[in-house]
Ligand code: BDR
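The chain below stands alone and is given as structure tokens, in the form predicted alone.
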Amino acid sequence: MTRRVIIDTDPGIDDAIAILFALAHPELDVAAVTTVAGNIGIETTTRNALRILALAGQGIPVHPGAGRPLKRGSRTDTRIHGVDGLGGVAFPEPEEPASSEPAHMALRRLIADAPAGTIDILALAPLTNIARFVEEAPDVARRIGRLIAMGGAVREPGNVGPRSEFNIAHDPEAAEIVFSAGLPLTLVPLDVTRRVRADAVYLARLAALGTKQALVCRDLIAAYFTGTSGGESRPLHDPCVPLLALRPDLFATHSMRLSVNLGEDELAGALEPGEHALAVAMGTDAPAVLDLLAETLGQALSSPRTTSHQ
């Protein structure tokens, strides 16, 4: 059964891997990509989304979204992702321009026009676009099938603060709005994503597959090694979202009540015991997840998917 999805993203090395995986898997039908400022500014994240689609040969609309958090200044991470956001890995130039329809409006239209529960949102980025959609059209937002979001740290240390993870810390107010909306939300925190790790052996495995997608993902992960230091493997954060969308049985999910720290200090964006009931992935069969990622990237795309730009 094919599942229709919208990918909300700020590409980003691991975003690119997640998008290429979703495009390659026959059971995911990517209806649109929405972009947000996060790893890097909105112009670059939008251009990168278009470049990723060009490499995959997919004519899917890209809707630019929020250029900054709801109430705070932006923070970027070019140290890890490079000044181009993709670690300097070569991608083709965009074949199509971005849509003129803003991300939050595209989310509203696509969800409203589809039968309730038939479109999932795969959120790989700060939740600013989704928060704007939820605030402007709460009744439409409740028609989402599933919202699966990479973000937060429950028992793990944070990656931008003692307990804060980048996506949530970039726009804590947006995360709190989305958490409080009563949506069918599954959160994929660092507690899981740090278990799904690529090492030199995995890079060689991707290289041996020989497909365009696998080779580019090999190069992206190699760039990830260059942009960080220490250790012999790197976590694949964002790919866990489409992987969970396809194979929830490979993840251990628990019900938790959480809120977001909205302070101004180093704990801003931290997850804390709170009032919002969420499904939170806290464990995974990492070898099986990595197998699924590699097997999918090793498959050739059957045919381009083309959707008219709005």
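No experiment lies behind these values; they were computed from the predicted model shown. Residue numbers here begin at 1 and follow the sequence given.
Keep in mind the form predicted in complex with the ligand is missing from the figure; the text below concerns it.
For the three marked residues, Asp14, Asn167 and Leu190, a heavy atom of each sits within 4.5 Å of the ligand in the predicted complex.
Though the partner is left out of this view, Asn39 does reach within 4.5 Å of the ligand in the predicted complex, counting heavy atoms only. In the predicted complex, the ligand stays beyond 4.5 Å of every heavy atom belonging to Asp171. A residue is said to contact a partner when one of its heavy atoms sits within 4.5 Å of a partner heavy atom; Met150 meets this definition for the ligand in the predicted complex.
Put simply, Leu124 is close to the ligand in the predicted complex: some heavy atom of it is within 4.5 Å. Here the chain stands alone, but in the predicted complex its contact with the ligand, taken as any heavy atom within 4.5 Å, falls in 231-239 among 131-139, 177-185, 231-239, 96-104.
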